[in-house]
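Shown here is one chain on its own, the form predicted alone, set out as structure tokens.
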């Protein structure tokens, strides 16, 4: 996704700077226990014995020193630095969205914003007939009928191989090919790992998938369908299939612009923040194309200040 080029007037610059300063102050109050470090900063460990130096740390003159910029984290005796801006680092069980770039023997290769392409094996794929069976030579010949180049696919991280390559699996109906929507690519660190990455925005008639790898999918809601209906639908020529309703396409664009706006401001993405931004644009009668304008950009930052201040007050009362 291209960076937003927003031209602010002097008043808007002052308002934005004030909002970002308030956000920094609120963040320091919330996470005062987390130490931010830059390269060569000393990490205090209070002369504890048996400290384990993890990623982003080293020992110099008897002290633990940071080799990366980020936040110091501790797990028992392990001390490491969590970088705030970095490429996607996969973990087993992550929900990811990727794009097919190659069809190889018994596997698809996907681009997922990782240092290497991911591999989705034919045997790790839920076939359209829904029957659990061994994959045959006929299945391998029909791989292009399942996924072809440039298709957008949702899958789960299965594990790693000895060479560092990433293997995926899509053994459930909730995984597979994604259609009738938009794919946005944002920095992966803006998507936090949560219990739920699949969201049905019922009021908009959309499905939202926040991929842990920074690939975000916004598309028309699709109910799970059985194999017979799927086969009948695939027989219909693409030019004869039903078009996405205009109102749903507008909703896709509104939610997509909300994601773009929050990403440009550097805010962590959550379904609540995305929907709140979309609802704020509707209540303020902001047109979809004007959501990426300077005024709504500044208003979004100011609204985030109010939201975080309200959350902080609630925590203090509790």
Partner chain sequence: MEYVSSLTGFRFDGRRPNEMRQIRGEIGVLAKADGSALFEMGNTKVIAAVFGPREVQNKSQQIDNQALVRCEYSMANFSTGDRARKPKGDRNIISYSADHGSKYINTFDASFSGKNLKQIDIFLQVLQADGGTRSACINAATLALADAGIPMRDIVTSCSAGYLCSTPLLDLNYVEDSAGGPDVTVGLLVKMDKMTLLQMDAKLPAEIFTDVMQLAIEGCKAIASYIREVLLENTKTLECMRGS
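Quick caveat: nothing in here was measured; it's all calculated off a predicted structure. Positions refer to the first chain, counted from 1. Just so we're on the same page, rigid core means the largest C-alpha set that superposes within 1.5 Å between forms.
The next section is about a form of this same protein that is not shown, the form predicted in complex with the partner chain.
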Distance check, residue 204 to the partner chain in the predicted bound form, heavy atom within 4.5 Å = no
State yes or no: in the predicted bound form, is some non-hydrogen atom of residue 298 no more than 4.5 angstroms from a non-hydrogen atom of the partner chain?
-> no
With the cut-off set at 4.5 Å between non-hydrogen atoms, does residue 309 touch the partner chain in the predicted bound form?
-> no
Contact label in the predicted bound form: residue 163 to the partner chain, heavy atom within 4.5 Å = yes
For 174-189: residues with a non-hydrogen atom within 4.5 angstroms of the partner chain in the predicted bound form?
-> 189
Aligning on the rigid core, do we see the C-alpha of residue 249 shift 2 angstroms or more between this form and the one not shown?
-> no
